[in-house]
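For reference, the chain that follows is the form predicted alone, supplied as structure tokens.
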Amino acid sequence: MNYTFQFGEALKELPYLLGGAIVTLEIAFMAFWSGAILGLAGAYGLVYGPRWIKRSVGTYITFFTNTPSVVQIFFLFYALPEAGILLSSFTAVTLGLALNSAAYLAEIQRAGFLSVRQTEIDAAETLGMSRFQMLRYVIVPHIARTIYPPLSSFFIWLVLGSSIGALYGVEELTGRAINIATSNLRTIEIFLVTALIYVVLTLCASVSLGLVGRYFFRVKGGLLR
């Protein structure tokens, strides 16, 4: 094997790769919070909604958890234009990951709802709280502590899963790495550096989420166990 490593060729592209890392975090952040909000509504419907809402949410979850996210994004990016709905690659990927995340996060948050003790609900009803007030002051604080660790892990998964955007031309970290490797043909060096950037991203995210969990929700997560 006469391959000569030239990491200098990869390192001089570091600013370009770091720009892609920022795009990666943007996709993960927007997909996570959009999915979390939709998932919260879905979880509430599964636990407290009428039968038709439970069935509708259940159908949504079954569909999105049993089809690949790459297929879902493919539909948004390539099929919707046939109906006159044009989405940029960034929007299609972010929206696809958000809709996919909502299904999984609905199940995670549903577990949080079910962990709320009936005595807490009864006390809130005795105080005359509306459903919205119960959700805001009783249910959400409780489930936040219960499900924070799996939510943190899911965000890390989204950071890595956002690499699927490279298939649709999004210049996130993996997409930019492919662009560089195609140009200078230093594939090994470029993707070793890219992998290292992903490691740093996930470690920083894990530590940050662990600190937030410890000081705001009194739970341990990430690397702070």
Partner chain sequence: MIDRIMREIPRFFSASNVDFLIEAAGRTLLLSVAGCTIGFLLGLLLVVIRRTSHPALLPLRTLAIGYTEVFRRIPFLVILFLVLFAIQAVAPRASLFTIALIGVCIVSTAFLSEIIRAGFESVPRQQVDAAEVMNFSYLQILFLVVAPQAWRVILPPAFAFMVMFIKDTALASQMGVVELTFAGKVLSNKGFSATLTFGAILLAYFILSYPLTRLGRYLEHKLGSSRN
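Treat the numbers as computed from the prediction; the structure is a model and nothing was measured. Numbering follows the first chain given and starts at 1.
The next section is about a form of this same protein that is not shown, the form predicted together with the partner chain.
For the residues 146, 72, 89, 152, the 4.5 Å heavy atom test against the partner chain in the model of the complex is passed only by 72. Although the partner is absent here, residue 104 sits close enough that one of its heavy atoms falls within 4.5 Å of the partner chain in the model of the complex. At the 4.5 Å threshold, heavy atoms of residue 32 stay clear of the partner chain in the model of the complex, well away from it. The partner chain in the model of the complex is approached by residue 202, whose closest heavy atom lies within 4.5 angstroms of it. Although the partner is absent here, residue 178 lies within 4.5 Å of the partner chain in the model of the complex, judged by heavy atoms. Residues of 83-100 that come within 4.5 Å of the partner chain in the model of the complex, judged by any heavy atom, reduce to 83 alone.
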